[in-house]
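Take a look at this single chain, the form predicted alone, given in structure tokens.
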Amino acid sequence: MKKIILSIIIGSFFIITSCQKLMPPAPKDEDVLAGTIPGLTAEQEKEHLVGDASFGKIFTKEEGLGPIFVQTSCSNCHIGNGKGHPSTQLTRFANVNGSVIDYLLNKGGPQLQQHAILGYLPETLPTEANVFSKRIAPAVMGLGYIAALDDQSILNNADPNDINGDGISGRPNYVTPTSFFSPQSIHIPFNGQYIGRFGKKAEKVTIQDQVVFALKQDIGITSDFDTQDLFNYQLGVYTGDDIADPEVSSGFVHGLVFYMRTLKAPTRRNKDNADVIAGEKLFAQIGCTSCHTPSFTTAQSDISALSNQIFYPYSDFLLHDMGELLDDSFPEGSANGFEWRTPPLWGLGLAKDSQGGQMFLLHDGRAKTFEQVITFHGGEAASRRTAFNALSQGEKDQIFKFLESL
């Protein structure tokens, strides 16, 4: 019997060690977007994991999915916390007549829900809509640092009248706050409105604003902060999923917000590489950092790990005129169709990992290379595009190497 037991132990040892040799090594921290910000307490790490589970939760019809929806979970659009894919593209729509903007809320606006639960009809675009904006989901890492930034730091880079003469006239997007918005010391009001910093056009003031909007508009899930369920207006009012509203609690929403606040920022890679260093210098020399501001410092935060931290988003979080090629004619807040928030560049080098091996860039995923993105830059950025085009191919490649390192 002892011999049999010993043989089993020895055999198990060889099986385990053999499997360990066959298993791939764990990815380096710099090669993944998942993970928490440094300095969290053990309790905060646990809270992050609870929010992580909520982020990946797939909702069912019985739990209130829909009745019309875009996706069944947050992670379906933000795969691996990264950028979305054209296959999960969103469509915003409205009726715009001169300065009069109608988001067609009585016709299912502002977003199309093209899927429906079993036995229900998905939504189709109303005939009244005359402007449409395609969007792919943004990456969600590092949002806690952006949320902990004070408004004054954003305003310090605003130059709406281009007083400094550099051709860049970034301005904040002032938006009407949600009913559940609670201003903090970092927020500076202006005529009852507040500076947006999240979303393609900086149309959301806080992460919670974005979470509540996405739960309802993307998944059809009501919460304590927005209790009116979606329904297909073509079927008539009060048609729905027959699940009591709200479908998730304020605690569920706060858990998602905490999870997103405590996601780490992307880690730089190959920053000591000679081409990366040269590319970063060229990036600044041709004026790209006029909008893609390299670094900021957070204010005091209720999460101590986010307090007084330097972070490197390569964005100024301001609106800029990007020219007619990127004009979607879809205004949001004070943003016009041709204006977009400077997108943070951190995580660009890992973008394709969450997009099936191919990058899909810009707000709608139309660009597949860094050079294509720059080609679409117009308006205020036209001079930077011209400066880039004047570079040698070797210098352009160095800039690409720098962008891949972010």
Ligand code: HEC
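The first residue of the shown sequence is 1; numbering continues from there. Predicted model, so just to flag it, every value in this text is computed and none were measured.
One more form of this protein, predicted together with this ligand, exists but is not displayed; see below.
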Using a 4.5 angstroms cut-off on non-hydrogen atoms, would Asp353 count as touching this ligand in the predicted bound form? no
Would you classify Glu280 as touching this ligand in the predicted bound form, given a 4.5 Å non-hydrogen atom cut-off? no
Is Asn232 near this ligand? Define near as a heavy atom within 4.5 Å, in the predicted bound form. no
Quick one: does Tyr145 come within 4.5 Å of this ligand in the predicted bound form, counting heavy atoms only? no
Please name which of the stretches 121 to 129, 302 to 310, 286 to 294, 183 to 191 has residues with heavy atoms lying within 4.5 Å of this ligand in the predicted bound form. 286 to 294
Just one of Thr88, Thr176, Asn270, Thr239 has a heavy atom within 4.5 angstroms of this ligand in the predicted bound form, so which one? Thr88
Scan Ser334, Asn157, Gln210, Thr262 and let me know which has any heavy atom within 4.5 Å of this ligand in the predicted bound form. Gln210
Non-hydrogen atom within 4.5 Å of this ligand in the predicted bound form for each of Ala214, Met322 and His363: yes
Applying a 4.5 angstroms cut-off on non-hydrogen atoms, the residues of 121 to 154 near this ligand in the predicted bound form are Arg135, Ile136, Ala137, Pro138, Ala139, Val140, Leu143
